[in-house]
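Only one chain is given next, in structure tokens, and it is the form predicted alone.
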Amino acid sequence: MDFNSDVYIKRLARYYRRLVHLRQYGVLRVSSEELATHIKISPSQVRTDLSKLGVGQSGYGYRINNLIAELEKLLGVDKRNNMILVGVGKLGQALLTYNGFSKYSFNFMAAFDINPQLQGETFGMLLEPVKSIKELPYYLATHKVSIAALAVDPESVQSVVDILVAGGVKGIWNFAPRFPEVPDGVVIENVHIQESLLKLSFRLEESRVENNLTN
């Protein structure tokens, strides 16, 4: 098994969300069968995935607190992750107002935009007013930034990424509909909203066709 594959990492994230949810309701243990039913995979796959964490089943199921602690280490959410945002349009503002990030130790420290009308404004969980994009290089030189989220137009994404890389940013979360190039050592996660919507539309249409064939 490739423990660095996207499929495996997505399963880990789903385990983590489920476990946190169960802990909120006072559940202390969970079995591989229960996790498998929720995530719709086999219990053996759950046990294989979690074996990497070094937390085995004891008696009835896994101890939820132990699993959460190990998953937090593996997923890197056991420490504070300082983020910045470049691009404070409608999508950027939606990201800033989503309070779920702080639950997983992701915090927006600053935001930058080219639009003077947005500069000086504050949104959501942002701790300080939006800055000019011209201030980005200096900010990176004086602050430790783990992750940069991009919600810029496709024409600007590569130039912004180049500034981020030069400023030492190692993780980029890109919402722009263009996939920029990054050097080795920089991790980028491209989120293509339109592509995801088209995938959903395709699966919905496929389901309709199957239903028509069986009716």
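Residue numbers here begin at 1 and follow the sequence given. Small disclaimer: the values here were computed from a predicted structure and weren't measured. The term rigid core refers to the maximal set of C-alpha atoms that superpose within 1.5 Å between the two forms.
The same protein has a further form, the form predicted in complex with another copy of the chain, not shown here; the description that follows concerns it.
Peer 1: Counting only non-hydrogen atoms, choose the one of 43-51, 159-167, 28-36, 66-74 that falls within 4.5 Å of another copy of the chain in the model of the complex.
Peer 2: Partner-contacting stretch among the options: 66-74.
Peer 1: Do residue 138 and another copy of the chain share at least one heavy atom pair within 4.5 Å in the model of the complex?
Peer 2: Looking in the model of the complex, residue contacts with another copy of the chain do not include residue 138, since no heavy atom lies within 4.5 Å.
Peer 1: Examine residue 55 and determine whether its closest non-hydrogen atom to another copy of the chain in the model of the complex is within 4.5 angstroms.
Peer 2: It does not: once another copy of the chain is placed as it appears in the model of the complex, residue 55 has no heavy atom within 4.5 Å of it.
Peer 1: Does residue 143 reach another copy of the chain in the model of the complex, with heavy atoms at most 4.5 Å apart?
Peer 2: Result no; residue 143 lies far from another copy of the chain in the model of the complex.
Peer 1: Flag residue 127 as yes or no: does it have a non-hydrogen atom within 4.5 angstroms of any non-hydrogen atom of another copy of the chain in the model of the complex?
Peer 2: Looking in the model of the complex, residue contacts with another copy of the chain do not include residue 127, since no heavy atom lies within 4.5 Å.
Peer 1: Is the C-alpha displacement of residue 203 equal to or greater than 2 Å between the shown form and the other one once the rigid core has been superposed?
Peer 2: Yes: residue 203 shifts by at least 2 Å between the shown form and the other one.
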